[in-house]
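Single chain ahead, by itself, as structure tokens, in the form predicted on its own.
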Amino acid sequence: MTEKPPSSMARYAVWYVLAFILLLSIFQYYSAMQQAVEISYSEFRHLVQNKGVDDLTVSTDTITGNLLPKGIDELAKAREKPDLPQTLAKQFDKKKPIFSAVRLEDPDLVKLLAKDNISYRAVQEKTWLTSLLSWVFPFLLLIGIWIYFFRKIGAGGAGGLMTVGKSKAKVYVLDETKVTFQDVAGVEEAEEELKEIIEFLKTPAKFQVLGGSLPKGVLLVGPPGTGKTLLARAVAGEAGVPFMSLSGSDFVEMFVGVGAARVRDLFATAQEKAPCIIFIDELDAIGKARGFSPMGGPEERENTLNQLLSEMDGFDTRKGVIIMAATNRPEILDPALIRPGRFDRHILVDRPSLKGREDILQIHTRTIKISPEANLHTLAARTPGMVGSDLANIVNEAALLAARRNKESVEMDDFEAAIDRVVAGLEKRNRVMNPKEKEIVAYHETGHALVAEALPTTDRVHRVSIIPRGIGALGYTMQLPTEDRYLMTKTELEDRMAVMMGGRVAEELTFNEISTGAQNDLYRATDIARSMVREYGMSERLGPITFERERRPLFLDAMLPPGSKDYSEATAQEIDQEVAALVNRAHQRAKDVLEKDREVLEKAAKILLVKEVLEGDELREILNSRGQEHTA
């Protein structure tokens, strides 16, 4: 049995309503006509002569009006029906009875009515069709509004509620995709993995000859903004096949069973358009690990996931349908979803390296008119840890800034300002600090910079600023790594903690007082120390033991709620003591450095107070001049 399309069902409903309105209007017309007392024209003339009627309505064919009590008595005498007044009183509920008479040609009628002072008015005859049309149009308007809202209640498409179970996937053909591997950079390893998928979609017979089968699902895993969605569209563009894109949240709806219906419709559509690629972004929205529902039954999301698992087992990859998905939270996906036979190939789309960032900048600056002096390699070195979306934002901000400054091209200082804005926030020169606070900030940031330059494993200082930025930053010290790093040693972590404590120590030495400006520094230093003791086993007192149980998101900075402790209170006290010892040791190291270079601290802080921004090379010149002065 085939289901009727939504448009035809809505059309049949409209015809049913119109037929009902037509019958209702005809019934009301004849009911109104039957309520009037039918009299002959001679009786009407008799009643007029005896002033037994009033308020007449004269039309082309009929005369209607009110029967007065005197007229009712006259009509009863003429018809020889003494009980007529009582009958009419019951029929009209003690209201004035009305009469109806067929009009004849009577030239003297108007004179007679005027002579007897009987009110009358002439109207055009109103047929039943005219009566119908006079109120059917408002009903049609209401029906139109009802159909409009009925269509809008559902998914917003033309079918409304009738299409709520349809897939929301957007289908892109080759001309609409327009994305190839030339538009993707910084993910060379992932590109190599995906070239096999492209070759299979172009020449499936090559793989089927030897009996091999391609993986059913490809899961792109990586931090947000690394280009997972762009990479999937590039695969479709390179293979020249349709690309069906949707998000995991598109399966979620307020109605029970809709998610599973959309999964079925998605795979049915994909089989029709094969070869093609199905891409599900944010897979964790529906692929989260299943558990017991607090309501006592299966949740709608779990029903959708079960249907997805069933469909992935049922479809045949030999038809050329490839399923790709992306997520930045692979640790919470259901194990049944990522087992072999479903999403059995996992491809890491990681943060780009120095070379990858330079390639990404070259792609995003294709449409930007940049100055020949702009060095993309330097910009790539200044953006460690940034992903493709961050770099695209920097290029766009630099172009907007150059246009605001009425420049003909984007120069290096525009890119520098854009990086500062993205990293530290919007510059707030209008935020006026009193001289005392400004002095404290200057010494605080200078303390960070001097400790960073003194310790052997820390990154070199690029810029020191006391211009407020962002929400609460009154100043910042920016360091640039010389290379990409993937591991940190114990010495490097301890040096980083000492740099973080340098600002507070500088305040103590200069003002014999501390402020709230070191709050974020203390938080980060304590967090590093706690990780060294609890996670990395870097405590000599506790040994190579980890006390961290909770699972953390792999690619997100957010922390999950801590789980229950599996160590004693005595061990917890030792952990706290070790954390405090590491932080205090970092504080003492920063103090030793700044006490040794107290004169440089004073000199650099005073220069920073005047200039507000101190470049790293200028800071190192001050440090070098110190050595020359001592030599002289």
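The first residue of the shown sequence is 1; numbering continues from there. Computed from a prediction, not measured in an experiment: that's the story for all the values here.
FYI, the form predicted in complex with ligand ADP isn't displayed, but the following is about it.
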Fill in the blank from the handout: Counting only non-hydrogen atoms, the one stretch of 218-226, 449-457, 340-348, 510-518 within 4.5 angstroms of ligand ADP in the predicted complex is 218-226
Fill in the blank from the handout: in the predicted complex, the residue from T489, S249, S389, Q208 with a non-hydrogen atom within 4.5 Å of ligand ADP is S389
Practice task
Only one of A498, A239, I440, V184 comes within 4.5 Å of ligand ADP in the predicted complex by heavy atoms, so just point that one out.
Solution key: V184
Problem - L230, I360 and H364 all contacting ligand ADP in the predicted complex, non-hydrogen atom within 4.5 Å - result: yes
